[in-house]
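In structure tokens, one chain follows: the form predicted alone.
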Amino acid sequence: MEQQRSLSGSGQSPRSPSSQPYLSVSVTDPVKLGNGVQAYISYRVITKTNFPDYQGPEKIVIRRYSDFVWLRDRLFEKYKGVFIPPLPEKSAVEKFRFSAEFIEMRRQALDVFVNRIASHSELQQSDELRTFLQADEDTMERMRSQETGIFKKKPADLMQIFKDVQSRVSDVVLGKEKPVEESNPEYEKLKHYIFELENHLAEAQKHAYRLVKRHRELGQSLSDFGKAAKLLGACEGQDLGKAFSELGAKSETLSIRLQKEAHQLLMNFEEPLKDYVRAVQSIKATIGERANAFRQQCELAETMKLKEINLDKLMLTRSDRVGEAEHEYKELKAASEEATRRFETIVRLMNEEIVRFQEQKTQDMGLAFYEFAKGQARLANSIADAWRSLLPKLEACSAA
């Protein structure tokens, strides 16, 4: 999965004046800070770039998970239509939250997350990314505290939002209101593909998890068997005892090999699959934003028609309210045109993003399955060689 960082740019030195624009980020050195429920992991985020808007060729800052969340939320709010890279989930199980394996998986996933942003032609130019990569810790903490949107609302406001949503859903269910949906064969095809892809990736990831578990269980079983075989060898005569002892030693060696391969399988196969499940969920969120933009465009267009009809009636009757109605109509028309532009922008960006996503998915999934096959072949050869080396001595004992 570390190979995915290759999409962040060239390997040219940011100090070289002749180099191409370059932005590379490394998330390193996870450190646990604090105790109890206040404990968290901090990371060193190292940026190397020749972008003129940055403070210098190299910058090191300290970040925590909530800072990455801030970056993703701000980008999602600002760049409608762009597939914002997904973040790894928080561990809901306390005992796993600070395990070495979980911390390394989280670090690796955060590294991929921020490099995908850094390699994106539009997102890499964002003020939010520049702030994330360069601001000191105090500034970053202040930025995090300035929540926007739904997260800034008071509990009473949130309750009203949920009531409004519930009311609208009830109207749809009861037939009072029909949901406004975009009718576009290509868009329907895209949605079907994304939902199917999510299901298949989730299924593949589930079985990858089982493979990791099976490798670990087999490794533990071989370790236990190796100890038992060595104890058995200690009770036997010279030839048989020596053969059993070697059998036990080989089993323990293979146990270590299986545990290492299980870890590689987790990091280079299961985690990339899980990351793409999250990526598809991010695309679904963008699809939701497109649906909202389309619905808003339709509602404003419909309201504008009604306003236009009302304005015509007022003009025919020479009403005193004509001036006010004309002003309202102009404002509504401007809002409707802006909503149309917003929707068209989302459609254009999504069309570009799905091409980029497909290309990147082909590269990343190809690498993940290649690493999986290579690892399994390597493991199978190691196991076969280990057992094969014991055959002459075991065969001699059985023939004696």
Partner chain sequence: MMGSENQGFEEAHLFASREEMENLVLDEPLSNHTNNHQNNNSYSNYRSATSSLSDTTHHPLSPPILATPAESDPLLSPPLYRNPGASDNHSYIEPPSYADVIFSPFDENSVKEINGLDSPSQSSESSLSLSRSPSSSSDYIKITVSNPKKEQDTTNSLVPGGNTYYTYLITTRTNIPEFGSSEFSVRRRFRDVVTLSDRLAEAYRGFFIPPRPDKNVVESQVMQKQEFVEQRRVALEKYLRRLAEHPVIRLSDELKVFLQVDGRLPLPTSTDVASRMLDGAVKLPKQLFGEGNAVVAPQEVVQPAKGGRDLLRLFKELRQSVANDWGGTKPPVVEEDKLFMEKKEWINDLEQQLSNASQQAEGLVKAQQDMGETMGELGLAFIKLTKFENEEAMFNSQRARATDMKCLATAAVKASRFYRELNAQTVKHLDTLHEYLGLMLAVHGAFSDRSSALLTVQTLLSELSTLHSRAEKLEAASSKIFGGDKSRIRKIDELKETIRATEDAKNVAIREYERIKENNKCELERLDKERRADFLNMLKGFVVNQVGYAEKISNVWAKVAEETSGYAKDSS
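Being a predicted model, the structure only gives us computed values, none of them experimental. Numbering follows the first chain given and starts at 1.
One more form of this protein, predicted in complex with its partner chain, exists but is not displayed; see below.
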- Message: in the predicted bound form, is there a heavy atom of its partner chain that lies within 4.5 Å of any heavy atom of residue 221, even though the partner is absent here?
- Response: yes
- Mark residue 75 yes when one of its heavy atoms lies within 4.5 Å of a heavy atom of its partner chain in the predicted bound form, and no otherwise. no
- Task: Considering only heavy atoms, tell me if residue 102 and its partner chain come within 4.5 Å of each other in the predicted bound form.
- Result: no
- Message: Residue-level contact is defined here as any heavy atom of the residue lying within 4.5 Å of its partner chain in the predicted bound form; does residue 66 satisfy this criterion?
- Response: no
- Query: in the predicted bound form, which of the listed residues (106, 130, 215, 257) lies with a heavy atom within 4.5 Å of its partner chain?
  - Reply: 215
- Message: Just to confirm, with a 4.5 Å cut-off on non-hydrogen atoms, which of 31, 334, 355, 37 contacts its partner chain in the predicted bound form?
- Response: 355
- Of the listed stretches (80-88, 287-295, 117-125, 266-274), which one has a non-hydrogen atom within 4.5 Å of its partner chain in the predicted bound form? 266-274
- Report yes if all three of 196, 369 and 388 come within 4.5 Å of its partner chain in the predicted bound form by some heavy atom, otherwise no. yes
- Contacts from 199-219 to its partner chain in the predicted bound form (any heavy atom within 4.5 Å), listed N to C, are 200, 201, 203, 204, 207, 208, 210, 211, 214, 215, 217, 218
